[in-house]
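Two forms of a single protein chain come next, each set out by itself as structure tokens; they are called structure 1 and structure 2.
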Structure 1
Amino acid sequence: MTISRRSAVLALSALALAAGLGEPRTASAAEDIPVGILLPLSGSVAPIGINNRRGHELAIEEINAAGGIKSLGGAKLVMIDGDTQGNPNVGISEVEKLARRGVVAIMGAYQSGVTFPTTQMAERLRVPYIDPVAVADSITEGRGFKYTFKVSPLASWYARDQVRFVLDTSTAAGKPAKSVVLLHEDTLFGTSTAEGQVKAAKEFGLEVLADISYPKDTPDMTSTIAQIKELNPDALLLVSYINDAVLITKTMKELGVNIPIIGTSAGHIDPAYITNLGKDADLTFTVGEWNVDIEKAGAAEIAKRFEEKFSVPMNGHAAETYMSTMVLRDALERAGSTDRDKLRDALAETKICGDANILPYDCIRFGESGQSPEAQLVVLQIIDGVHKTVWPAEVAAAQPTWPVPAWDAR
């Protein structure tokens, strides 16, 4: 090591110690354990961020009511909020603030475009980071990170299952789909998912008539939807946050476009989609991470407690944030410490299986990249204002309506 390099390292170490980041934090018996919750709590996607936070809140309330972290003398978890405002730079700053406040781990940040850089900062600061919801493959793949753990499926898996669903359902209806149009917002979430959709469509033999990107929170979609109407695909694969999802559906109705919508969770799974559109939300499809009608022991009761507490149904994102908090609880119990490195090691050994996992697959665990390899998806359709699981057949609670009728016949 040269003198200049050594000086730089010493200077960085001094800064870290001054910020309270250099020494591992170990809780004494029954000492509160601060947990960073990093979400967009203001801005255009705040409704989804707030709903994601509810999953964390319910889980922490239940963990504390059951005696807290028993290996740490019954220590209680305390949520410390960081508001990203939906902005990557703000998110990075919030990670630094949360680390200085001594959080043992961070859970967030919903948007892939915010999660990607904030996981990088957490890695630099050696703070364990659990990603419950953000889907971009690049969050975990090829980075060699040791402190990032991703509960959510990869974006490419969403695309794969959207395409499989379109083919399975259209074939069962007697008119196999041959073409799709891709419509997605232009942040990392949209672009990474669309890349997966293009690959999946090619793999399964669907023609992509157009791959259309638009700026998130665009104020008008008229010309875009008119273009899609002219192309007349067999299905429209969407990647949209809540404001865009609502606007696109309204515009489709206005222009009389009766193409099946298959969303990619996000705006189409949010309760606000149904609240804003009312009956017009009906028959929309979306890939989802979970649904209350999937039969796993305890899931329906958890969903009931969620709705009683927050007066909205529990959705897939909230189920993921709930289970991610249970992943943190499990790791803290096994680590018996809030030392961040010991907690990281415990997270790497996570294995929560069977009925202990309410998500629609057997085990939450983490591979070498930090990705949960068993994560899988279902497809939901809004029927009479309620998301119903319609695919795959082995977990379906209702039959899908395909093709969708004209707006005035719904």
Structure 2
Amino acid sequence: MTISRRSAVLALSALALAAGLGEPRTASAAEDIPVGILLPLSGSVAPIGINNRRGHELAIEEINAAGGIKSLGGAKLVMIDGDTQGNPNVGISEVEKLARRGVVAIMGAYQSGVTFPTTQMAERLRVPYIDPVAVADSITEGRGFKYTFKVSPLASWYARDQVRFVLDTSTAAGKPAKSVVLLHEDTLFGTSTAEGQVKAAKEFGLEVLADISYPKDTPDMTSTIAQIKELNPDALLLVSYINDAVLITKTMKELGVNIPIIGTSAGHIDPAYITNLGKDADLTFTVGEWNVDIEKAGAAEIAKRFEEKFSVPMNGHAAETYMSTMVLRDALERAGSTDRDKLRDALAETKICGDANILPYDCIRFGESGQSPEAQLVVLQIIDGVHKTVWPAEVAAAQPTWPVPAWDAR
């Protein structure tokens, strides 16, 4: 099967090549449109960068197969890679190189720490920059940039959406939540997320009974979990890496703590959480960027094509890079030009709604700051060993189980 598909592709490309050779390019033929893809393709975060790139690759392949950019005479998109190596300085010089190579726009750079300075350089060079994945609020907020367009939600919205989910779901279940306990690891990721959670809880009127940080890789969490049991909040918001996430859930079972767990992506969205805990992983909630089962026509189909092409399941990052490429296509069509300023103006007018947007909200558009104002997270619950989207209701694939039954009744 694989071999035949591969040979079919080979034959097709040979044909395409022959066709190209037989028909020399004329002045009127559409020129390829170079698109800059700025990602860490080497170094320690390279695996994630490479996965991000797959979303762009699939989208560009589909756009070109469907006849390219029609308002530009069917011009094809071509990816030009800039490898940041996960390093902000390298990223900045890659932006300059990409700009010199004539890319119409740049998409990247996965890491907030690289995206922040590289958007600055792009702004100076007046190159439109689409940020599909990096979340830091500081990338768009309060900078007044004209060329940065951010498809991903703000980092602070993770906490906002966790709190909104707790309130929505508990209210729907007939007993609105009043209190939460925050438990998080004590490095920057945990403490900064917890700060957001405290703020969001205050804003939405949830009482924070305790804000507990713990050292990463701790061998025993029993006393902390016993304390949480005593506090008995309506929900437990966690920020944990995979090993601590597993230990906390195990300890909660041991101590019979039946409080809903709401993780913050990271350890709780890791497939290893399910392989490590088996049945005990069930009913855990986590906030996430996207999930294959969301109620958007086309999402499942695109995810299937993705998995066929790359032999790995499509994740939230890939969905965001895929959609960002579609945003670029839409703007190029409307601009009818590869001029960067015209493209920037077209991007600012973006409105991709409904099923055309596979991200878990209605319309992709860009506010004054360049942030997509409707962007939001989804909440997943593990049901029979699979992450299922349970919130928000418009894109949910399953009903959330809330409150969670006692451990010995599961």
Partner chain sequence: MSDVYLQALISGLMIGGVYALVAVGLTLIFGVMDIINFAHGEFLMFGMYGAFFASVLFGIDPYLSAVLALPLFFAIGWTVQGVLIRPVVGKSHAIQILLTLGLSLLMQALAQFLFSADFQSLKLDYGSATFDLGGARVSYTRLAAFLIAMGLCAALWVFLQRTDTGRALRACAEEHEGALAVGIDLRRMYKIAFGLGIACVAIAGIAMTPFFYVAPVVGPKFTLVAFVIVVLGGLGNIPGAVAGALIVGVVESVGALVMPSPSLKDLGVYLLFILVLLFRPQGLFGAKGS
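This one's a predicted model, so the numbers in the text were calculated from it and none came from an experiment. Residue numbering: sequential along structure 1, first residue numbered 1. In this text, rigid core is short for the largest set of C-alphas that superpose within 1.5 Å between two forms.
Chemist: Determine, for this pair of isolated chain forms, which one is the form predicted in complex with the partner chain.
Modeler: Structure 2 is the one predicted in complex with the partner chain.
Chemist: Do Asp234 and His387 share a rigid part between structures 1 and 2 (two-part split, each C-alpha placed by better superposition fit)?
Modeler: Segmentation between structures 1 and 2 puts His387 in the same part as Asp234.
Chemist: In whole degrees, what is the turn of the smaller rigid part against the larger between structures 1 and 2?
Modeler: Rotation of the smaller segment between structures 1 and 2 is 32 degrees.
Chemist: In Å, how large is the C-alpha displacement of Arg160 between structures 1 and 2 after the rigid core is aligned?
Modeler: After core superposition, the C-alpha of Arg160 moves 2.4 Å between structures 1 and 2.
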